[in-house]
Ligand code: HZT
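So this first bit is one chain, no partners, the form predicted alone, shown in structure tokens.
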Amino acid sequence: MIATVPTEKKPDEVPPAAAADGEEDEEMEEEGAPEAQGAGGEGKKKKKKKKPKKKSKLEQTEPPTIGLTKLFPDGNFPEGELQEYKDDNSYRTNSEEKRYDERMAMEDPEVTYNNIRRAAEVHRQVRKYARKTIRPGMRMLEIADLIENGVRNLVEENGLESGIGFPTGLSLNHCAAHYSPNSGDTIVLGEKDVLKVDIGVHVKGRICDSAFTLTFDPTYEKLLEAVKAATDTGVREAGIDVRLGELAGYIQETMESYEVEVNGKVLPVKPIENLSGHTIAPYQIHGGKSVLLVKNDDPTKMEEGEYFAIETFGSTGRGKVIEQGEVSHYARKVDAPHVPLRLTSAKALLKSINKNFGTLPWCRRYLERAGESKYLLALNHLVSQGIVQDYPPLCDVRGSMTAQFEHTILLRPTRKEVVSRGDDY
């Protein structure tokens, strides 16, 4: 995700053993008793039938390498968790009118529920592997490769048709968001670190945005519990006609009900007041509406058909972030101005950005993967001209710890679908 503030290997071919359809041994079946007795006492039997060969179901490998269209050849991808609307909207579940609206939406290529679900299933499979594989001692670049190679393989990366939705966030400790390792990064995950893992997958510009936090030190388990509970509250209370300012209040109340004991000192868990969830639009990670984490007077309502990332951030520090550190995240602005570029290298770089990313966020490693080199002068020029937006890391006070959890929800006409929910969380 790109939070709101008011050299990699190409996928290998699928191993033949993983991709081949298995077959059961042929079995012979004898039917009936002897029809007649011959002079020599030999019985005459019916011909034996072969049982039909059965194909075993294709299963994902570890690490994940098999494209999702091979695992779901009928093109129907799993729904997320379904939640019914509450109160005045409870009628929607059984409304014939709303069911009709939903059927029409399913058939509309601009709505593309199935593209969203394909991206979400990729996310579930990749993050499940990542959650059980990431361990202290791994380099940040190694973790990024593990995740991004999995996404590219499973989503069957194909230019702007399908691929990574935004740079993999691997923010550590007091850094809450917008850190992804640049080439040459030497940071290693430590035993006492708190790691936020934020993964984006897109299919035809429909982005699944979901995040989780890992810690290997029991000290900060309550911090993670608080932020996960706040995200769950946001998901549960979100719905058509819900006001964004009130939803923020529910999130805040949940998170602030937790405390963390660090070195004998009890610290409150604070929602980070200048980060937020957001709507997601096609090829645009921020669609315009924001779900803040502290109660406010925003009367804006959630609407039918909208697609929201409900993400919450908690901190043991001041509960407010500032920009700090080396930039890795960038995106071409949706409303970028048409300005004359005096640097030939900037023109060439912009052409590459438009071809490879459009308005999707990217990082410097992705530019290098696309073949760009010695691009920093051109990149800084595009930023200074207001064509490209840079997103520096967002950090609370040093010494504090931050956590993040996030799910993507689809406000369908009949019910709410938590598209990114899986059995891991």
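Fair warning: this is a prediction, and the values are worked out from it, not measured in the lab. Just count from 1 along the sequence shown to find any residue number.
Below, we refer to the form predicted in complex with the ligand, which is not included among the displayed structures.
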Triplet Tyr113, His123 and Glu417 all within 4.5 Å of the ligand in the predicted complex via a heavy atom: no
Exercise: Glu148 in contact with the ligand in the predicted complex, heavy atom 4.5 Å: no
Heavy atom of Gln83 within 4.5 Å of the ligand in the predicted complex: no
Partner proximity in the predicted complex: Pro361 to the ligand, non-hydrogen atom cutoff 4.5 Å: yes
is_contact(Ile285, the ligand) in the predicted complex, heavy atom dist at most 4.5 Å: yes
Contact segment among 139-147, 348-356, 160-168, 257-265, judged by heavy atoms lying within 4.5 Å of the ligand in the predicted complex: 160-168
Among the candidates His329, Lys270, Arg152, Arg206, the residue which, in the predicted complex, approaches the ligand to within 4.5 Å (heavy atoms): His329
Contact residue in the predicted complex, from Thr231, Thr213, Ser315, Ser276 (heavy atom within 4.5 Å of the ligand): Ser276
In the predicted complex, residues of 60-76 near the ligand [heavy atom within 4.5 Å]: none
